[in-house]
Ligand SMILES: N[C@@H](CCC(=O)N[C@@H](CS)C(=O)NCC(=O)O)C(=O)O
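Quick heads-up: it's one chain on its own, the form predicted alone, in structure tokens.
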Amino acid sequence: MADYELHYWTGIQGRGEFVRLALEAAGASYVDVARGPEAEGGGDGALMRRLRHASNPTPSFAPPFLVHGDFCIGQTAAILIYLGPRLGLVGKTERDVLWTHQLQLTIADMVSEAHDSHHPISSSLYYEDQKDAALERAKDFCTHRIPKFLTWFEQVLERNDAPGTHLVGAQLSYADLSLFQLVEGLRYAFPKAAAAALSERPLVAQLHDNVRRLPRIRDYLKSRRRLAFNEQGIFRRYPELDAG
């Protein structure tokens, strides 16, 4: 039996991918519940039953959520602050734990802004129903927000005790993995804008490349467990929005 149960929507990487990367990097035993066969207790039905389980005292608002023993934890950053020490993906001091969590929350802010670039009015509307607003929002995101966020991460890497190697200290943390995923998403959705921003922020680009070369991450990215980006997830490629 797997140690961890990850519950996230089928067919998209989404916010669940930040959790998957941590589990994969650590070589943890886990099951991606909704992607499993219904005959073995998987599928979207299993996810929804657990999400709506009336006896759960700590229900998640929405996926992703992680089940581990008696714990049911929602929200990506909360899942990762729980997993970090258990998977060896966070430092041992209180400062490192809180700093890594702060980095993750900042990544979550940028992920939300990336999503809102194509759904600036409402998540319940189709992209085509808010395209004009999306064009304006994406222009600002590409021109101002991508450079601003990535400049901050570049400065974090410069100021770390091991400059350019990791975001926190001298060991891999879940924040490194999440920054990798953020860069992957930006390169998919906004290839021109991302290339321009990363060309001036070499430490962010270097960290991304270093994470990609980690043996477990390299193998995961080549496996069927790694879902492809698509136009149903957070990072969506609409060429007209890429103001590079």
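Keep in mind it's a predicted model, so treat the numbers as computed, not measured. For every residue, the number given is its place in the sequence shown, counted from 1.
Beyond the structure shown, there is the form predicted together with the ligand, which is absent from this document and is the topic of what follows.
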{"property": "Option from 154 to 162, 72 to 80, 91 to 99, 136 to 144 whose residues, in the predicted bound form, bring a heavy atom within 4.5 Å of the ligand", "result": "72 to 80"}
{"property": "4.5 Å heavy atom contact, Ala62 and the ligand in the predicted bound form", "result": "yes"}
{"property": "Interface membership of Arg15, the ligand in the predicted bound form, 4.5 Å heavy atom rule", "result": "yes"}
{"property": "Close approach of Trp9 to the ligand in the predicted bound form, 4.5 Å, heavy atom", "result": "yes"}
